[in-house]
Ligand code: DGL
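Taking the form predicted on its own, here's one chain by itself in structure tokens.
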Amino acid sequence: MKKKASSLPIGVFDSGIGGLTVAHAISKLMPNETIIYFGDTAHLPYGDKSPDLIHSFVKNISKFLIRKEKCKSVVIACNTASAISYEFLRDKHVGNVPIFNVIDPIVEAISEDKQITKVGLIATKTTVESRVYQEKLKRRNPDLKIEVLATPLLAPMIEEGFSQDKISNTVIENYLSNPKFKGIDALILGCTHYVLIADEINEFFQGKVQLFDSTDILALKLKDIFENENMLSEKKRQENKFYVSDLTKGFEDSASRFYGQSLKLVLKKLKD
């Protein structure tokens, strides 16, 4: 990649604002990179949408990030969209704009840890039903035991600001006390929202289960590839931008929680 192109921004998108945890991790690790974030808040959650509908959302968002915002790469910071639309988007932009997802870095990290013999996965219904984690993990390690559970209440609970309280503790305990998770060595937090309740999940397992989420793992993977491909920006060229397809005061408050600092969201409605 030419030096000029390396200074272009990184596009990051999610079905809502949960992907801001990924955007923050990228900014923290690579402060010279400019982030263009798009949260499709008008259509959240993706977890209960059909694959065809998710494809259409992803196509419009990526078009905006690549053509309008001139992003040098795009990160699908949503497990559901990664499960359903990553290959479609990767193939559409092959040889032009590199596409990254939040699933493969986790699969690689777990597969490389030979101490893990049984892993659990909590995620949206669509991510679980796609079987993408199960299939990718089994291809790398056929002997790995995998237990999965759809946890549809967690994302909306977190969106509403419930964490470290009686409500969140009850919901988390109800899901994680499922017998299928007995004896797991690791747990995949298969939704970018779940990073915000990682401490509670860790407390439930008394620190005895290794937790894997997409934030730091993906950021490290991205930096490694950018270094090898001469794509790292030498200095920050512009301010980060944070777009959403529907804007409420609640979204802005939650966005600041997810990103870890005060944010100004910009309403951007995309045309088909």
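All residue numbers refer to positions in the sequence shown, first residue = 1. As the structure is a prediction and not an experimental result, all values here were calculated from the model.
Missing here is the form predicted in complex with D-glutamic acid (DGL); even so, the following discussion is about that form.
Look at 27-35, 223-231, 65-73, 45-53: in the model of the complex, residues with non-hydrogen atoms within 4.5 angstroms of D-glutamic acid (DGL) sit in 45-53.
Here is the short version: of 106, 84, 191, 187, the single residue with a heavy atom within 4.5 Å of D-glutamic acid (DGL) in the model of the complex is 191. Although the partner is absent from this view, residue 124 contacts D-glutamic acid (DGL) in the model of the complex, with a non-hydrogen atom inside 4.5 angstroms. Of the heavy atoms in residue 80, some are within 4.5 Å of D-glutamic acid (DGL) in the model of the complex. For the stretch 6-38, the set of residues having any non-hydrogen atom within 4.5 angstroms of D-glutamic acid (DGL) in the model of the complex comprises 14, 15, in sequence order.
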